[in-house]
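Here we start with a single chain on its own, the form predicted alone, put down as structure tokens.
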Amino acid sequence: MENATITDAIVKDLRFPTSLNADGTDAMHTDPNYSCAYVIIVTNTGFEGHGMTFTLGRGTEVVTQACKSLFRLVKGRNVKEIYSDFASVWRALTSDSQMRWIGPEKGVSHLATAAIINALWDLWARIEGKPLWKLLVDLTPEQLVSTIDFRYITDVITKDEAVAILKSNAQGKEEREKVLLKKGYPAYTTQVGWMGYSDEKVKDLCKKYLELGFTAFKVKVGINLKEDIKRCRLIREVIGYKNKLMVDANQIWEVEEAIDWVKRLAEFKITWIEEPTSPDDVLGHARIAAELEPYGIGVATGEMCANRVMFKQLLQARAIKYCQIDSARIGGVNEILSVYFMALKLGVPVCPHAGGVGLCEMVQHLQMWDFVALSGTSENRVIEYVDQQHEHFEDPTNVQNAHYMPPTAPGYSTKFKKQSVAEYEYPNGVAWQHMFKEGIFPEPVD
């Protein structure tokens, strides 16, 4: 690492035609094509870092351009210097005096920040020859905390507190790591519940995932109450009432509407309602949480939470019972670590959002670090799992008996296969050119 310098970045727009089979459909996003802005950071030593941020198709070209615009802030930097003061590098990316105007710390600029930051962490883990979760576990408390920018959150958590928490939880780390390596980390599935699926397909998928060992299932709701009741009843008939059922509205409702709608679904013993209203409405989430608490239904959100400051408010206001970080929504690993610390201090379990391209691959590392080094438990915690696009990665997720098994290859599990890049880079990839030619998708308009 001593002489490694960042020399270049390759940024690619990768898209997959998931809308053809209604995969990923929900009340708000009716035709998603799972996609990502994919960043490859190149060094003069041969080591590369691979990172990404998740998108739904159109607009990915905007994020890739933002990645190129931000890359100048790390190009030419010595790698060791970056990791010795990672928090300052993160702040530089989010605080550029001109680029921050199209954020700040939200939207396209923050998605681009996440892609670059995730690539930098992948690079660090590859240089160290460790999977990211193990790199995080092996860092000293002081080293790990030094990667976090605590600006705007010191009223909840400080550097000294974070270091003290890690030190106090150090006892038992080795034993927890052994448990993780043997049993993995529990998962739930959303694969059964996409809005565009037929009832027959939903039933078949529920049976499939029961046989695979899953005990927690999530279904999309929010467009038609009668249909939601019908779908929840159908799923309960297959999975029974010993297993967990969660519902996800993907921000479609008004606050009062959310309260009334979910009360009508309470008979199905719902564990949580996810994204019931605007992701920015902290007080709205708090109101919904208070109204649904007597029914035993928690509120979960976070996949579109803009940054650590929004998470701080959701946690402070007791607006969420389950904190859902997303590996590509806020500014990459550094900022996500700060949310884990705040959630732990305020007593809210983290249950990561995943399922999109590369999200499962990434969030598993973060949750495994939390289990071994931070919270020390998987109680009331679970990682989302969707069985899509994993075949495009060199180190895909390995889920056995509804548990994520810890990655063993160095890195953040974010490196795409060369063949997949050649096929699905938009719009010139082989697969996309074929679909344009066959009339499956219209050619892009400049």
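Residues carry their position along the shown sequence, with the first being 1. Everything numeric in this text was worked out from a predicted model, so none of it was measured.
The form predicted in complex with a further copy of the same chain exists for this protein as well; it is not shown, and the discussion that follows is about that form.
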Residue-level contact is defined here as any heavy atom of the residue lying within 4.5 Å of a further copy of the same chain in the model of the complex; does Pro104 satisfy this criterion? yes
Looking in the model of the complex, any heavy atom of Val386 within 4.5 Å of a further copy of the same chain? no
Closest heavy atom of Tyr295 to a further copy of the same chain in the model of the complex, within 4.5 Å or not? no
Exercise: Gln316 in contact with a further copy of the same chain in the model of the complex, heavy atom 4.5 Å: yes
Contact at Ala66, Pro279 and Met304 by a further copy of the same chain in the model of the complex, all three, heavy atom at most 4.5 Å: yes
Just one of Val255, Leu139, Val74, Met342 has a heavy atom within 4.5 angstroms of a further copy of the same chain in the model of the complex, so which one? Val255
Would you mind picking the one in Tyr185, Phe268, Phe86, Phe150 that has a heavy atom within 4.5 Å of a further copy of the same chain in the model of the complex? Phe150
Pick from 407 to 415, 373 to 381, 393 to 401, 24 to 32: which stretch has a heavy atom within 4.5 Å of a further copy of the same chain in the model of the complex? 24 to 32
Taking a further copy of the same chain in the model of the complex, which residues of 78 to 109 have any heavy atom within 4.5 Å of it? Asp96, Ser97, Gln98, Met99, Arg100, Trp101, Ile102, Gly103, Pro104, Lys106, Gly107, Val108, Ser109
